[in-house]
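This document starts with one chain, in the form predicted on its own, laid out as structure tokens.
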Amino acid sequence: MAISNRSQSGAIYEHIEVKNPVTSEIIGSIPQTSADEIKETIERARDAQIGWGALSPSERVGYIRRWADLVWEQQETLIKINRRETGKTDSGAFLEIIVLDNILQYYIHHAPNFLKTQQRRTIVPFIQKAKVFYKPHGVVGVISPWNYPYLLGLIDLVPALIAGNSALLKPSEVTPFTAEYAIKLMHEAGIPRDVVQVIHGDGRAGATLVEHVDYIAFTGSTATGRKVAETAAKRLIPYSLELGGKDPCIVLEDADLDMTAAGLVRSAFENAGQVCISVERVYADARIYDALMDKLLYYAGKYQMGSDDGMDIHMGSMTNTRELERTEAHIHDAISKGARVVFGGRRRPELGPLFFEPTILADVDHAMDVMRQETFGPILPVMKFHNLEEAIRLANDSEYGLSASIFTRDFKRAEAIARRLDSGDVSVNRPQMVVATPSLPSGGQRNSGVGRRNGKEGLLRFTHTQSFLTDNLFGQQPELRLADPFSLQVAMVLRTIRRYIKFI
């Protein structure tokens, strides 16, 4: 909730209250950074980027290594801050740290090589030489969501810094303190304060950021992402977007049903389903549908929900009323159209105002919102299919294309299916694993986004190329004609040679 106050000088400013979703306790407030303050922050970042960009990639990586070690030392504090803001479990908050740490170690070891100057072949060998430089964009703006305030706040920001950019982070106003603490540790690791900064506020702050930075990385809803893209396009600045998802899972008849059921429960209900790469819809072969449902009920019955400490608590609170009400609406719509709730389906107010039971739905179909619209809540709808073509068609029957998964013992068959799925990634027997694999690029198709994070691709998006060519003019004379006889003769000879020898 935004509250206006008046300073001693008489100026009116706003601050936003931050609540613990488990207790509804106000845990603090943040100031809404004004448009003028954001512009001033960007100018400081632009000045600081010159010196930061002049460092070698290895030198910049050294700062990131020191920061990663500080985070690891302070993980208990970071977990505590994260849990107070989001309502998630100990294991969920720790997961953010360990996934990003793996990504950091990957870039620490590989980024200097990815960013080094490349030698390229030229049209005229020996006389000409060519190189490609990777140069930073300048000031990168990062707008991150509330569901993974550490991981998604830093997963774009860190490669942007390694590439030589300065960066401004605008975390969600729902979860600002996790980001604040992470950036504080960056400063303690020696990264200059103007090189990486935090601004706060609602959509107005984000809009101002997009209007003035040199690159924008946004993670959030498809509707807001489209607005970000429109503004970036008008300014002709590059951008990347990770947006919504309705991620399908296909369960084939040869799947290990115990591993499948446990994997589906884990990946559908992690962070109370508030995950863009959560399994949101399952298509199970009719031959094993009933057996799979029995296994799902068995493992869901062992799933522990609560706000207690410890790694044995599997699911915590939802974070926002909006997502809880959407979850209920999808359940009610499905029931009205013939679906059955076979597990869960109720609020648990005795645990906290935003606790909702993990829910499994049977007898669902594509007439139901739960199979077409993003839920972002703890629902696992399971639909049977009678042939593989039907399963692939249903999996692709969505405006989204972020992530997908398959359960099977036949990896060759899985690969053939994956090539036909319109999604940014496909995991076999381990949903959500691609984003946790640092070498693999991940990102969405269609309304799920633009661009890729992780891997070489995720680093190089924060650079632009500059090509460099030299010509020693050997054997050449001053000439005004573009195609003089000597040049034409050389071109004809080279064309003949290139039919048999690869020069470029």
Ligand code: NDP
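No experiment lies behind these values; they were computed from the predicted model shown. Residue positions are given as counts along the sequence shown, with the first one as 1.
There is another form of the same protein, the form predicted in complex with the ligand; it is not shown, and what comes next is about it.
Residues within 4.5 angstroms of the ligand in the predicted bound form, judged by any non-hydrogen atom, belong to 214-222 and to none of the other stretches in 387-395, 73-81, 214-222, 293-301. None of the heavy atoms of residue 150 is located within 4.5 Å of the ligand in the predicted bound form. A residue is said to contact a partner when one of its heavy atoms sits within 4.5 Å of a partner heavy atom; residue 96 fails this definition for the ligand in the predicted bound form, lying far away. The ligand is not shown here, and in the predicted bound form it never comes within 4.5 Å of any heavy atom of residue 159. Within this chain, residue 146 lines the site of the ligand in the predicted bound form, having a heavy atom no more than 4.5 Å away.
When the ligand is considered in the predicted bound form, only one residue from 121, 322, 412, 419 comes within 4.5 Å through any heavy atom, namely 322. Think of it this way: in the predicted bound form, the ligand has a heavy atom of just one of 243, 103, 168, 279 within 4.5 Å, and the residue is 243. Contacts with the ligand in the predicted bound form, taken as any heavy atom within 4.5 Å, map within 369-387 to 374, 376.
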